[in-house]
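Only one chain is shown below, in structure tokens, and it's the form predicted on its own.
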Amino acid sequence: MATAPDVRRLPRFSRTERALHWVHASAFFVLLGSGLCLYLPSLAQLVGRRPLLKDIHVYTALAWLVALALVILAGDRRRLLADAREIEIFDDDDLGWLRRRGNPQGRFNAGQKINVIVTAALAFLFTLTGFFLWYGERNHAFRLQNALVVHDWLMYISFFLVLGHLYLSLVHRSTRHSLSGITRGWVREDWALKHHAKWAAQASPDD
């Protein structure tokens, strides 16, 4: 979408932040697709080739972990630490926003903070249960009875969370401009003042 010449842009996400997001997102969709094909009988029967799907699932998980580590090590770690500090703090405006009072928000609103925290928790649990599923096939002493059940439920939870995320970023008219921040790194100042007023009031325009 073209931006009018008099509309100012505010830098929102750095290259490191965007790389971290897209590494996670791309791996997630491959893992979700291969996971659904492995564990839903109808899809498993339709696709077939279960050993290949299992290899894709495992090696994508490994590539995801390595890629995340590389982005963190080679990227702007100071910016990522600042993000983490901002996300872990919930002030009165965040609580008011959750109560739908329209309180002004910082660079991340309360919903985005919760989404990041839940996503990080799910990623950790996916990794933990996935490890025990993989290693448990090779050493039965590490085979946990409920690891597969937990892994499957995490998949279902993630599926519905990502549907909501896609709706807000691609469909919902009021919020879909946020996609510009994670693709091009900037958002319009007028949009930021409406949705992230506390941050927009302090941000410097990218002229």
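If you're wondering where the values come from, they're calculated on a predicted model, not measured in any experiment. Note that residue numbering follows the sequence shown and begins at 1.
This protein has a second form, the form predicted together with ligand HEM, left out of what is shown; the following refers to that one.
- Using a 4.5 angstroms limit between non-hydrogen atoms, residue 119 touches ligand HEM in the predicted complex.
- Interface residue remark: residue 133 is counted as part of the site for ligand HEM in the predicted complex, having a heavy atom within 4.5 Å.
- Interface membership of residue 21, defined by any non-hydrogen atom within 4.5 Å of ligand HEM in the predicted complex, is confirmed.
- At least one heavy atom of residue 137 is located within 4.5 Å of ligand HEM in the predicted complex.
- Each of 25, 36 and 169 comes within 4.5 Å of ligand HEM in the predicted complex, counting any heavy atom.
- Exactly one listed residue, out of 162, 56, 44, 150, brings a non-hydrogen atom to within 4.5 Å of ligand HEM in the predicted complex: 162.
- The partner is not shown here, but in the predicted complex the stretch 55 to 88 reaches within 4.5 angstroms of ligand HEM through a heavy atom at 57, 58, 61, 64, 65.
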